[in-house]
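A lone chain, given as structure tokens: the form predicted on its own.
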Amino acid sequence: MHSVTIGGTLYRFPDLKTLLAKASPKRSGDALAGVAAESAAERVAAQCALADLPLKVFLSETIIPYEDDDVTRLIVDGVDANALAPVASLTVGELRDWLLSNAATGAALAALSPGLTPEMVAAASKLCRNQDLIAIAAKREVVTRFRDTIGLKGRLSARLQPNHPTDDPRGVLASVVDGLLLGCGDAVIGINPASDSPQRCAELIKLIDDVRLRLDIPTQSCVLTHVTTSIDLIEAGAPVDLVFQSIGGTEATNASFGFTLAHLREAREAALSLNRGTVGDDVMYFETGQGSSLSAGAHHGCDQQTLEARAYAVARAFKPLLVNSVVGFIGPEYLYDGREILRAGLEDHFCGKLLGLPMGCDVCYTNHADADQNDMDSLLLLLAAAGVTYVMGVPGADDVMLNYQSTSFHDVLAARELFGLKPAPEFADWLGRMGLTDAKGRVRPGALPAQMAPLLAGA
């Protein structure tokens, strides 16, 4: 039992799960699940109780029983007590203060990451203003490598997302060339296939790999198909760079996605066996999103932001090249408007970075949400200030296959120029060799490079 008295009123929270849920900033998904605070006063009371909660409680009390959930077991069994030691005696509120202090350098945060549980960082985020989430996350550098180096300070990478409603090769290639001309694609050239058939996925993988080889691009490709399909494609000899999977924060959520942790281990080993990386061997790509557990009926009465942080514990166990929260994709039932989407994006980035992940964000919304592109501009620029690893580059910011709104190639350029950020170093060098940047390293394509013309001709 956790309790606090405020203004003469005693507030009781029967367990850690309830306390975390009641302390969470307002959002539609928690209200839908029936776990949200019933009033602003109760929310403040929960935040006060949470601030006084010792971190050691998170090591003895789980929000989903250990014996019932493999994600809980992964979290509990993976805690590095030595890494946690510098802050182990603190409360959640004291942890938040320490994270904002000069003592919490990038190196100190990197050393602390293996000792933190997702519930700890979720709890700390619930006590932070947006400014705090940005300031703390900006300290943390998480670097990963495959064919280029992602996540260095002063860099902002982009996934080039050339989705097409019928997977038409010429349509895909046109989008790929468009994105490359505008300096996107250093995180990954990643396609969501309209059809998940192994044959279609293999064709798309070979299509993008051929572009990469013909243009000698220091990047990686990915077709965002199911993890088991990727395993089959690797066994069939397809040139798979990265293995993709959407993941959640409970065993039941991942079961609804059709995989287990064992599948992720098998897939990573299969991808590593291909030895396709040139500067590193980070071969996994994960996507997440607040509300996935609730939409699957697999939330166990927990709030969606804490479960989102638990998904990052799954990601952390498999050494990914890329992780991103597709923050507004599920819809207004979970994040109602631009304000909730913005807050969730900053929370997700904060929690992912503290847990040691190369955290990106698909700054996005669905057409039936109470949000617009101005909201996305705000979130994009706040994430750039927070040191986000990468964002999406979608033609015109409008994904014509998935039917949602994201960020465009031009949005990526704007964020880079406003904050003085550059693409991954190997990719930036390639842009220069292709004549796509000026003397100051700014993307300024004067003409279509001769090597690209045959691609648009369908050669």
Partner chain sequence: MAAPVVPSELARLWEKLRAATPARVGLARAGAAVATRETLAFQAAHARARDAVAARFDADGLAAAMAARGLTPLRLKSRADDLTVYLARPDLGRRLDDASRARIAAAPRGFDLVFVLADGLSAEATTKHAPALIDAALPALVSEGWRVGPIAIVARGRVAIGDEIGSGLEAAMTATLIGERPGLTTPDSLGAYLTWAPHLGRSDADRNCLSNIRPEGLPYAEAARRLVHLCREARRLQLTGVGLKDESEAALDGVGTASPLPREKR
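Positions refer to the first chain, counted from 1. Keep in mind that what you see is a predicted model, and the values were worked out from it rather than measured.
Here the subject shifts to the form predicted together with the partner chain, a form of this protein not shown in this document.
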TODO: Establish, in the predicted bound form, whether D168, S175 and D178 all lie within 4.5 Å of the partner chain, using non-hydrogen atoms for the distance.
DONE: yes
Open item on the list: Looking at 311-319, 126-134, 84-92, 328-336, which stretch has residues with any non-hydrogen atom within 4.5 Å of the partner chain in the predicted bound form?
Closed with: 328-336
Open item on the list: Contact with the partner chain in the predicted bound form for S230, defined as at least one heavy atom pair within 4.5 Å: yes or no?
Closed with: no
TODO: Using the partner position in the predicted bound form, report whether T105 sits within 4.5 Å of the partner chain, counting heavy atoms only.
DONE: no
Task: Contact of Y365 with the partner chain in the predicted bound form (heavy atom, 4.5 Å) - done: yes
- [ ] Examine G396 and determine whether its closest non-hydrogen atom to the partner chain in the predicted bound form is within 4.5 angstroms.
- [x] yes
- [ ] Would you mind picking the one in V44, A51, L421, M401 that has a heavy atom within 4.5 Å of the partner chain in the predicted bound form?
- [x] M401
Task: Partner-contacting position among A298, L112, L342, A369 - heavy atom within 4.5 Å of the partner chain in the predicted bound form - done: A369
Task: Sequence-ordered residues of 406-445 touching the partner chain in the predicted bound form, heavy atom within 4.5 Å - done: H410, L413, A414, E417, R444, P445
